[in-house]
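The chain below stands alone and is given as structure tokens, in the form predicted alone.
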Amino acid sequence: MGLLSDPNRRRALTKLLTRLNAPICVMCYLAGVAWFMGLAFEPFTLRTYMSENAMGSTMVEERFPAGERALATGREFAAHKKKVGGMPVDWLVKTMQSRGLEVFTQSFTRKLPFPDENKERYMVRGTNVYGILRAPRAPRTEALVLSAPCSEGNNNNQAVGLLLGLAQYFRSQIHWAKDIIFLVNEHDLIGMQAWLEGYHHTNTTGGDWSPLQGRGGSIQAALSLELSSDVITSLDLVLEGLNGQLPNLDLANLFYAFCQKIGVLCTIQGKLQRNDWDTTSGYSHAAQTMMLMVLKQASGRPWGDHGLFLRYHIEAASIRGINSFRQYKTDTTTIGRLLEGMYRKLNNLLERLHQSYFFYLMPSLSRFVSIGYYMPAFGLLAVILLLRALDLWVQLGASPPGTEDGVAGGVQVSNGPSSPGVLSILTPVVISHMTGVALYTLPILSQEMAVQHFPVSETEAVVLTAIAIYTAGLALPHNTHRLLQGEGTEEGWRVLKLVALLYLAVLLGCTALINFSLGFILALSLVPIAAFITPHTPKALSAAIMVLLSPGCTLLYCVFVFQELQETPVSLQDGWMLFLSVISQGILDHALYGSLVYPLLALLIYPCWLLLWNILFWK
């Protein structure tokens, strides 16, 4: 405190920070990147452990003897699905009733804002079927959910068969203290969204669905099952939910514990755990797994049906069966035993899962990185913005008073260097955000007009309109200065950059608190240009760097990096088509499920980048 309260010492510290500002910023950036990459090194991570005492180890043996019967039920379900050309509602209702469940259905309808060309749908109509196994030993105030989506073709038939087999086996047990809801949802996430909104009496996305006739207790946890083969080689755990939300780490720990106990190969991000962490290949494998999780979380989209449960504070995950070239095989009976053991553990919960972490990264299923370990990497990047803002503040405070022509009788002109006009600062801010509003609203509103005048589909019209508006923003500096008519001053761009730096620091900080992965990726690309861009840098080179580090190009890079990490590299043409698909899916995810990534980029991040673009071309 003495250092800051003493004017001489404070002045000396300020001079030191301003003199060494650029080297300190470069060191902070390199240190932040190095810190993040070091998180995948096993000695810097923590070993997973079970925090919830109610789910500790017991001597209970997991049982499920009806694996072959579940497969037969799955084949029967596939035959009825093929016969009716969709969800066999009547057959599911009769089958669940024969297993002693209280069975209910829910119909829903949803019109998409524009056609989803990936899944070839526009007007979606479907039915959810669910059965409730009432708790025989409790007042039925809490519930667990096991769901399996009814997918197109031959996908996920085995999961529905196993779900019905588990329902029959659970019915014969008397130790359940929670209601167990067995749900078969149609049209994947759209059907799940309709069911969750009906269960919780909410309608946040504008869907049309019938009210639920039967309910269980407050849902404590949920698992979504995806199996498309009679035997599998490994089970993959999917955690990433809507807007980057993650379930409580104890749910992942529970899955890993039972896989280890029963002897099932388990993966995360489709990658097996390796023990050679002290080798280059071992570290590279862990880093790839962690970066895949970062990219998935940053996308903000739910990567499974479980992702929509998290917005209702329900801990949920998806379990996917993978049948690959590995010789190790696991049958349906073993998977049933694993699920039965997990639900018996969840049945023991006396309160919601809360004792373990909600913010974490996982280089493997046995190791994790807590928020206290990965936030310093972001902090090192964010402090650069504050250091540059401090440097600008000192420069503005040290500027001599006067006008552009010097001192004129002590009268200060409004457009002088020491007092830039408010209009010169406010105009770029307003125009940049108006462009962001246009980027957010016009692609969907103008799709019909675009289809009428150009030979494109509705989806192509939406994506191309968004790209056109994004590109048109590059012309803003020229138009802004035409409006200002020469009000731009040397002090003006410094004030505008000071505003942009503080704005970006707050924006990235708030984003990182909600979705660290998204905030960190944006900081990697935006912090360098925000820190060092000025009107005095070479225009052509600086403009090229700014475009290459813009939010749109960052998204394009992420598409190629994601494909490389998944070991499915694509050509430039295929990567560009994937990039266009990602844009359309981002807009659809916002309209259908409430994903916040697209409005964040359009309304806040892009306008902030446009402010920096205005500074580069300041006159």
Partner chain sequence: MLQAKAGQFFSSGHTNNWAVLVCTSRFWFNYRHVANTLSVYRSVKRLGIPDSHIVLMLADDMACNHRNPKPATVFSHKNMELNVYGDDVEVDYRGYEVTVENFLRVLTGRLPPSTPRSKRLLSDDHSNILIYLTGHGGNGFLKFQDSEEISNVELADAFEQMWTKRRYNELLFIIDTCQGASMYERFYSPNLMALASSQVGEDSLSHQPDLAIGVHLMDRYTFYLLEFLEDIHPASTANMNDLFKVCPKSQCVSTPGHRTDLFLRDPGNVLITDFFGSVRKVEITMETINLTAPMVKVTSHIKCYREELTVLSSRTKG
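Since the model is a prediction, treat every value here as computed from it, not as a measurement. Numbering follows the first chain given and starts at 1.
This next part talks about the form predicted together with the partner chain, which is not shown.
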query	finding
Listed residue that, although the partner chain is not shown, lies within 4.5 Å of it in the model of the complex (heavy atoms), from 103, 349, 287, 257	349
In the model of the complex, the residue from 111, 329, 536, 175 that sits within 4.5 Å of the partner chain by heavy atoms	175
Answer range among 436 to 444, 133 to 141, 200 to 208, 112 to 120 for contact with the partner chain, defined in the model of the complex as heavy atoms within 4.5 Å	133 to 141
is_contact(residue 571, the partner chain) in the model of the complex, heavy atom dist at most 4.5 Å	no
Proximity of residue 345 to the partner chain in the model of the complex, heavy atoms at 4.5 Å	yes
Non-hydrogen atom contact residue 577 with the partner chain in the model of the complex at 4.5 angstroms	no
Contact test in the model of the complex: residue 27 vs the partner chain, heavy atoms, 4.5 Å	no
